[in-house]
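Below you'll find only one chain, the form predicted alone, shown as structure tokens.
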């Protein structure tokens, strides 16, 4: 995978802009994020101390985290998302930056929470190494990430009709496990870490394909690499027709996600 740690790189700027456009409507379309948030929040202790919400978006988890924290920090790539977060929660500290270039000192957070943001990283191992460095001894990093096999059947249908899936490439589960082994082995040279990992398959129901696409746009996840042609009406019609084969007995179409949930706890020396 190509590694580019420059937050001003064109693709990072476009990702930030895509999410920024969705800031005001994000909370109306983030059903997957809400489900994943519940799982992650249960993995954190009742008292969080100083907590970092990395990839915080418009602050949709700020209230749940800050209610249990001594101090809450929100961090995101998108200025538009942070502007929305500040509007709703002006009492908190909001910082703009790239997860691949964290501006924080070592051992400054008791807990770090990252919900469905790491799939946008170019170098996941590098990000995890930085996040672990930012943890105090005894602290825990919890994160969720999208894995290969997600966005079925929409992604495969797009690929069949247009030649590509119209979403970023998601990490296969074995590669994520290898990445975790690499990062925790590296961390053990200084600080021992305990890792817990599991996956879940989550289906989000929709009445139509247009509702699916509206939700993806509503959370900013409709980002497309530069130079990729927009879908034509005929292509959309073909995908829409193809989806009808997947309509369930309850009358709904499901967009299926494969999500990895990880907890990494730094041991107390």
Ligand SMILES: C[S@@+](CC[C@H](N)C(=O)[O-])C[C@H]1O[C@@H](n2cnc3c(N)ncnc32)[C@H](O)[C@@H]1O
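Residue numbers count along the first chain shown, from 1. In this text the structure is predicted, and so the values were computed from the model without any measurement.
If you look for the form predicted together with this ligand, you will not find it shown, but the lines that follow are about it.
Just one listed stretch, out of 57 to 65, 204 to 212, 233 to 241, 43 to 51, contacts this ligand in the predicted complex at the 4.5 Å heavy atom level, and that stretch is 57 to 65. Using a 4.5 angstroms threshold between heavy atoms, residue 259 stays clear of this ligand in the predicted complex.
This ligand in the predicted complex comes within 4.5 Å of no heavy atom belonging to residue 110. In the predicted complex, at least one heavy atom of residue 78 sits within 4.5 Å of a heavy atom of this ligand.
Contact between residue 154 and this ligand in the predicted complex is not found at the 4.5 Å heavy atom cutoff. Though this ligand is absent from this view, in the predicted complex it lies within 4.5 Å of a heavy atom of just one residue from 116, 171, 193, 183, which is 116. Taking 120, 94, 104, 89 one by one, only a single residue has any non-hydrogen atom within 4.5 Å of this ligand in the predicted complex, and it is 120. Contact check for 12, 26 and 219: all three have a heavy atom within 4.5 Å of this ligand in the predicted complex.
For the stretch 16 to 42, the set of residues having any non-hydrogen atom within 4.5 angstroms of this ligand in the predicted complex comprises 19, 26, 33, in sequence order.
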